[in-house]
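Coming up is one lone chain in structure tokens, specifically the form predicted alone.
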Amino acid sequence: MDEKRVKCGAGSEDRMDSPAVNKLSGEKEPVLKIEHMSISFTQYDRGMRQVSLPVIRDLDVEVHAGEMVAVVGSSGSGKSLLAHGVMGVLPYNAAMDGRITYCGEELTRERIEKLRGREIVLVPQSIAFLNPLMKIGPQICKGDKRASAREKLRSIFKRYELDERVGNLYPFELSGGMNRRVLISTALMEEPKLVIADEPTPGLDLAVAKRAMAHFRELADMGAGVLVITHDLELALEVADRIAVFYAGATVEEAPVQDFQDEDSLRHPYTKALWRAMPQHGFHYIEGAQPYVKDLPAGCSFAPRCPQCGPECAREIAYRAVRGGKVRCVRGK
């Protein structure tokens, strides 16, 4: 892998015969492309009877170099499993199907093990991922004691407004906001091409949460592809380029952020419901709740809550391109 690294970052001089370039159009391939991802868990029910729970059923999303994409959905929709599936760290009882490509080549288990922590970096949801018995500096440098690593660490601390003495402190000696910045700092040590952030703002006050999201925007502006998984649509709209909306294990819409300026520009009833639920749009809500994985209806999972539901919604719904975005709805236009 070191001898033949695939270039897909912004500004790289890709040859037209590189797998990172579309040979027909000449356009660069996405840094990350996920097609029809499904993740199920095998569990025991009523003694020794095994059942399979399809938590993610059909997820599609792609991220380009220099772009920030936010995957938005409510708790329990399976968003965090997306990050774990890409990084190859799903639990032993999980099974994943679909296709994931990185810079135009399939992201196999062997390939992700070589790229993980180097070209592909996960910023985890919880600061509990920091080693409580190890000082911050060695954790970020991953044990690299070279002068170049120390200099880079000083530069990163300066970027994220962290005092140099933080490197000699333990995680429990820092505030929650500072530890969040430390987690983001780990992504910069290797200059990754792809950064995946899993719910980076829970428990943070609004000002700190905005700064955290701004840091991910900076990573995208530096040329990385950034995928942020979040439940906070309002924060995502301030910094992302595109929004992928997730509901009950499937992508229901993908839209550029400018489409969220007007409800009529959106395509799916659930996305429009999220828009109306935002404070500036009246805090409106819809009846019902996202169905549990064992109670999914046939066809559209949102159908029981949708005012536009009809008989045609009970069949399989294709994910299709509409007006510069994508939608999984028979009425989306």
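All residue numbers refer to positions in the sequence shown, first residue = 1. Being a predicted model, the structure only gives us computed values, none of them experimental.
Only in words, not in the display: the form predicted in complex with a small molecule, which the text now covers.
*Asks:* Name the single residue among K152, H231, R118, R111 that comes within 4.5 Å of the small molecule in the model of the complex, judging by heavy atoms.
*Replies:* Contact residue from the list: H231.
*Asks:* From the list A303, L296, I286, V55, which entry has a heavy atom within 4.5 Å of the small molecule in the model of the complex?
*Replies:* It is V55.
*Asks:* When the small molecule is placed as it is in the model of the complex, which of 67 to 75, 214 to 222, 143 to 151, 185 to 193 ends up with heavy atoms within 4.5 Å of it?
*Replies:* This holds for exactly one stretch, 67 to 75.
*Asks:* Can you work out whether the small molecule is within 4.5 angstroms of a heavy atom in all three of F41, K79 and E199 in the model of the complex?
*Replies:* Result yes, every residue of the spot touches the small molecule.
*Asks:* Does P132 make contact with the small molecule in the model of the complex, using a 4.5 Å heavy atom cut-off?
*Replies:* P132: no contact with the small molecule in the model of the complex.
*Asks:* Taking 4.5 angstroms as the cut-off for heavy atoms, does T101 touch the small molecule in the model of the complex?
*Replies:* T101: no, not in contact with the small molecule in the model of the complex.
*Asks:* Can you work out whether N179 and the small molecule are in contact in the model of the complex, taking contact to mean some heavy atom pair no more than 4.5 Å apart?
*Replies:* Residue-level check for N179: no, no contact with the small molecule.
*Asks:* Looking in the model of the complex, any heavy atom of Q125 within 4.5 Å of the small molecule?
*Replies:* Q125 belongs to the contact set for the small molecule.
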